[in-house]
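Shown next as structure tokens: one chain only, the form predicted on its own.
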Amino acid sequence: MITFEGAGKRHPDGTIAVEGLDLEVPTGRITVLVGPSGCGKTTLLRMVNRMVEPTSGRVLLDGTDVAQLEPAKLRRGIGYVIQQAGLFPHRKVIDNIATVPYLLGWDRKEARARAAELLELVGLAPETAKRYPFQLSGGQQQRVGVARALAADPPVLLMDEPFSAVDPVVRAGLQEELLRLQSELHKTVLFVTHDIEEAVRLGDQVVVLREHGRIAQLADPHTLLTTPADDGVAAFLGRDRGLRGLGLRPASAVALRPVGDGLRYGGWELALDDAGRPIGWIDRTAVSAELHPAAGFRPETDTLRTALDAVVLSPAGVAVALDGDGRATGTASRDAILAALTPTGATAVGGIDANADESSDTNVGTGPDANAGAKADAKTTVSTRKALAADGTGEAGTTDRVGGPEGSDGGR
């Protein structure tokens, strides 16, 4: 556990970066610091590994004041990932990853073997080991940076806006990868970002900071989005915080209309191939039988936000539920997805069957398949627990705040 006890940082010119912060970062969880530029996020992060020395208060690591520890030794026991990966350009990837094991005195063979294991763990091909950083894409470099931080199996991982320098598609993939790794490794992660969407996607708890590192709100993502502490926090979360909240609810809550009950919705008919995979919607009222993309979602791995997006993209106003092999297992209307937001589940909306044929007057345009080839989201299980706990129907402790019970699952 990382503990900040009245931690503060005042620069020699009198400027206050952080003023008297009290915070506990639970073991085995991801805690995200989020806030506007200049609020002290990075300063707090660097206090943990003594890259910044507090001028007041103290920082404890498992009960020990880090000021009592030798800086170099302390840093070798803490993983650190920064925005631009910070790889050594003159070293091959495998030796970049093995940097800390080398410093700890591991022999070359053992250190490289560990590096090769981590390459696979972060999803990079074995041949990547022989390349230099300049031969990798930005996303690959960030994966190498994460692998290097994990090389000596540190219990604590500090991440300072590690994904902000890559494009949105790569960023989403790196977030998924972090969640997958955390589900296996259960590290104590302190993550800094200015992106609230990234914060609620990754964090077990989110700390919204104001100027001088003051805590505006500390909560689990569901509580943060649904119950902002004040107007300032609400403004920072943005007007679409309700939609972000859909990303914390499992799509498995949606009541599906089985494929066997028919594939007609108003004038639209869903066409399937011989294996039962959707190939598109056909407008039976049109002169030509043109196929329109069939947007889909995977109930077992996706969230309600993905399901709602699939409805919006579907010309029939109906999303197709897919299994792991891409076969259609059912369909979900807009009302069925909205019904899943109610505490009692998806049965009816306004007295109407949630999956009734309501698409005859719905045509919201066409678009590419919203979920073709989607990867299983490692966040789903955690998000499901958070949503259930927030509704009072799931595991106790999965949405606890700092100082509360940690629950029985030990983290992700």
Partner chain sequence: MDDEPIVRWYWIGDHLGYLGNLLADHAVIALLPVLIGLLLAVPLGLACARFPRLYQPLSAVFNIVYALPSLAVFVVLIPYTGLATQATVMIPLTFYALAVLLPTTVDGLHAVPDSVRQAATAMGYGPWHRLTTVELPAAVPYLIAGLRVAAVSSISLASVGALVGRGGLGYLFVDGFQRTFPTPIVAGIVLIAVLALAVDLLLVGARRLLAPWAVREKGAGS
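Positions refer to the first chain, counted from 1. Computed from a prediction, not measured in an experiment: that's the story for all the values here.
Omitted here: the form predicted together with the partner chain. The next part is about that form.
Asks: Among 331 to 339, 230 to 238, 269 to 277, 95 to 103, mark the stretch whose residues have heavy atoms within 4.5 Å of the partner chain in the predicted bound form.
Replies: In short, 95 to 103.
Asks: Taking heavy atoms only, is residue 87 within 4.5 angstroms of the partner chain in the predicted bound form?
Replies: The answer is yes: residue 87 has a heavy atom within 4.5 Å of the partner chain.
Asks: Please run the contact check for residue 72 against the partner chain in the predicted bound form: heavy atoms, 4.5 angstroms, yes or no?
Replies: Residue 72 belongs to the contact set for the partner chain.
Asks: Contact between residue 143 and the partner chain in the predicted bound form at 4.5 Å, heavy atoms?
Replies: Although the partner chain is absent here, residue 143 would stay clear of it in the predicted bound form, with no heavy atoms inside 4.5 Å.
Asks: Would residue 253 count as a contact of the partner chain in the predicted bound form, using a 4.5 angstroms cut-off between non-hydrogen atoms?
Replies: No, residue 253 stays farther than 4.5 Å from the partner chain in the predicted bound form.
Asks: State the residue from 186, 180, 76, 327 whose non-hydrogen atoms include one within 4.5 Å of the partner chain in the predicted bound form.
Replies: Exactly one residue meets the criterion: 76.
Asks: Can you pick out, from 249, 298, 201, 148, the residue that has a heavy atom within 4.5 Å of the partner chain in the predicted bound form?
Replies: None of the others qualify; the residue that does is 148.
Asks: Counting only non-hydrogen atoms and a 4.5 Å cut-off, give the residues of 25 to 54 close to the partner chain in the predicted bound form.
Replies: If the 4.5 Å heavy-atom criterion is applied to the partner chain in the predicted bound form, 25 to 54 yields 46, 49, 51.
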